[in-house]
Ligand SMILES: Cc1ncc(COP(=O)(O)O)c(C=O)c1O
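Given next, in structure tokens, is a single chain: the form predicted alone.
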């Protein structure tokens, strides 16, 4: 029997990750298929923040920088993310938004290739990555942005390039880039690689050092469940970290922040990729969320993710045949991440109808319905129920109701 024909009850009963669902606070009426955008609330996280606010801050005040070790949070939380990237302790630091972290590593990579003036990326990259790159180009006018056209060999675009900047899992389609082969091509051409892992971390079994990344960033609020706006992480290859220089040279990236000397001297190792005072509440939240990952096998996560996305695709195509939904994500599970995207000319209204029925995914312009499956808390029964609700909406055309056309600020 295949995953598509086995009952959801049987699959859930055999699921080695099933017990983890109880470690998340999920409304009973909701099927949450948007963990690739904002992860669910882990049990115990609210209590952790209450303790940090009431006791560490409220009672102990500034003493908690030492007593509660707030100062070490960026590196301590980084060490907890490191196994999910396949890298070692002391190689990851956490702080600031993904956009800020991306700016730092792009600038550092470009400066390591001063004789080259080209950054290669793709037009379909996540927009903020392109905005950050354009902002860097304005500050470094010699830089040229070159867009890789996939119909041509990457090597053609890499001639004279300083940096190849790519997102590992495409935010719209869920397609996985071949990090190993693309990084190898960049290195052969003399370029460094910058990878955005925002839709990869916590859903794919990663080994980014082996696969040739030089710099990597990613966020803490998607599959890592660190909460809205949770800080990002930064990794730099050990061979580069002590020779790289990032432009946002704030005091927490200094080798001795509390010496209060006027000249900047970078800290050794990944700490030099910090800038200002860390966001203690957000870091504490992400730290607590990472408890759930202890003893979790990324092999099991990936295996369940593939099974769930395959079941969802098969169900939607079977039950919604002829209703205008077209699969946008790769059909081959080996190159599909933890999300499934369908196109429909009325995608926004259909998604709003789904949300009104308790199936929460999201919409990406111009016409993409996006569903993210977090194996830590999404069950196979959830998937079957979501398919049934989507099929009923499509058959009845209830998405045509006028309230579903009203555009929300955040889609």
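A quick note: this is a predicted structure, and the numbers were derived from the prediction, not measured. Numbering follows the first chain given and starts at 1.
Just so it is clear, the following notes concern the form predicted in complex with this ligand, a form of the same protein that is not shown.
Participant: Since exactly one of 293, 221, 103, 148 fits, which has a heavy atom within 4.5 Å of this ligand in the predicted complex?
Facilitator: Contact with this ligand in the predicted complex is made by 221 alone.
Participant: Of 249, 333, 99, 117, which one comes within 4.5 Å of this ligand in the predicted complex, counting heavy atoms only?
Facilitator: Residue within 4.5 Å of the partner: 99.
Participant: Looking at 157-165, 70-78, 194-202, 294-302, which lies within 4.5 angstroms of this ligand in the predicted complex, counting heavy atoms?
Facilitator: That would be 194-202.
Participant: Given that the partner is absent here, does residue 129 sit within 4.5 Å of this ligand in the predicted complex, heavy atoms only?
Facilitator: Taking the distances in the predicted complex, the answer for residue 129 is yes, it comes within 4.5 Å of this ligand.
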